[in-house]
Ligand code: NAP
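Before any questions on how it binds or moves, here is one chain, the form predicted alone, in structure tokens.
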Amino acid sequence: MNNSYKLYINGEWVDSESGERISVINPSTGNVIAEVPKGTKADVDHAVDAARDAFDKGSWAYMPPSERAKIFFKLADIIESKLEEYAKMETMISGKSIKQSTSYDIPYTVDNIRFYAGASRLLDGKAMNEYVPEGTSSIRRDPIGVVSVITPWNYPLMEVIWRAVPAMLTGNTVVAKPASYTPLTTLMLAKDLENAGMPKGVFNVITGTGKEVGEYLAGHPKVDMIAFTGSTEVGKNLMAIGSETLKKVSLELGGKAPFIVFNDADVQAAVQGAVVGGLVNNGEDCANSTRYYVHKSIYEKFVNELTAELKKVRIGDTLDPETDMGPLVSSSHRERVEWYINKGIEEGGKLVYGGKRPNIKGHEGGFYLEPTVIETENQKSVIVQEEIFGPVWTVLSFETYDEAIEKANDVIYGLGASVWTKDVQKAVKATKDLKFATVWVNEHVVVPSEMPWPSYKQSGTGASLSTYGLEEYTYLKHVYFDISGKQRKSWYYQIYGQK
């Protein structure tokens, strides 16, 4: 067991004021693999003070964007050179397969960093112009200040990159609070940012509980912005906390993605997309396809082919490169997902596949659960309406286009959705009618670094990725220059005197 992990504050590795520690558990085995400090409010104060001083008194906010970008290009190179180390750690703390960590999570994260670093050198703005006769106007984007970055356990490294990196590249300083289940790659990141040349105080990491550390950090009077990724329930609470000082709040919250299969779709392509869209990251992804709306004429074929493909999914040791699917993140989360399965059946659903705890030899203590498919026509069932955040899918039928769109939109969430059809006109119309911030056509889950990952409805506010993800961490400022040289401007008579 590694007990050497510490908090990272003002460029130093320090113990928590409490002296207490939190266990980090490998979901694949149920064994403790490390312990990290249980941070306190006093630790948060120290970290926020360091970030505040680095922003107010340091040179970071005034550094040319190209100089800040150099540090992050170097960081990307470091992470890429340690890809296997990062991938193994990410897998061990989160339960995702090593195949996903190695082939997707870490390479994609490196690409995110490089995109952000390049794009940060020139943010978009309107051309300088004379909108009134005697003056010229221009636009500035200024950093906000100290940003609290609170990240989830499903993509530990990726989410801190999505939040902290654009914040720092635009001149802000950061105090990061990773999820208690999965803090280790965030601490690795802190060390590698240090190796890349990050000045002291710009990036700080506090480990601890959400209740004590997360909420206090979010509401701290010296923090200017909250950037949170997690559940809608917690996001609402953090928004309320931030409202006391009118902090800027950026939230990426829950999802309940519909997956609409029209009668002219390529059924086998849709089935392949359904397996991937529903099982990426073991089903613990806010973009996962969870509600399958299938036209009645192809409904039976779709369900039969879907279950046939699911039988090919290999569940097992997360460090085995042949494994497709690992465990859920914790025992309590697995129990929560199982509660939804039972509730869905109680509310009229029919279990057609999975729903059990598989026996994985050598991993009997892991938190494994089979992919689960439930047929239902109860649109108001909790398994249709609420985010489960696990490999549990509902399949419902529809007859008309309007019925499919109405049912797809009938949730509080608005993150991602997909439509499967060969009809271009129908596809384009659906992308407009679906009230979701990302709509895929004949695909699911793909998000390039260059494109935004925004939210509708109760899935959050703001956006990650793309240049919009950089602008998220800036204030918009109008700058006006008088170009007339006159002491008395032409419009002053409106306030006193005559024209």
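The shown structure was predicted, so the numbers you read here are calculated from the model rather than taken from an experiment. One rule holds for the numbers: they count along the sequence shown, beginning at 1.
One more form of this protein, predicted in complex with the named molecule, exists but is not displayed; see below.
With the partner left out here, the named molecule still marks one of 344 to 352, 134 to 142, 149 to 157, 358 to 366 in the model of the complex; by a 4.5 Å heavy atom cut-off that stretch is 149 to 157. Of the residues given (Asn237, Thr421, Thr102, Asn409), Asn237 alone sits with a heavy atom within 4.5 Å of the named molecule in the model of the complex. Distance criterion of 4.5 Å from any heavy atom to the named molecule in the model of the complex singles out Gly255 from the list Gly278, Gly255, Gly171, Pro258. Put simply, Ala190 is far from the named molecule in the model of the complex: not one heavy atom of it is within 4.5 Å. Within this chain, Glu215 lines the site of the named molecule in the model of the complex, having a heavy atom no more than 4.5 Å away. Using a 4.5 angstroms threshold between heavy atoms, Val175 stays clear of the named molecule in the model of the complex.
When the named molecule is considered in the model of the complex, Phe203 lies well away from it, no heavy atom lying within 4.5 Å. The single residue of 412 to 446 lying near the named molecule in the model of the complex is Leu415, the criterion being any heavy atom within 4.5 Å.
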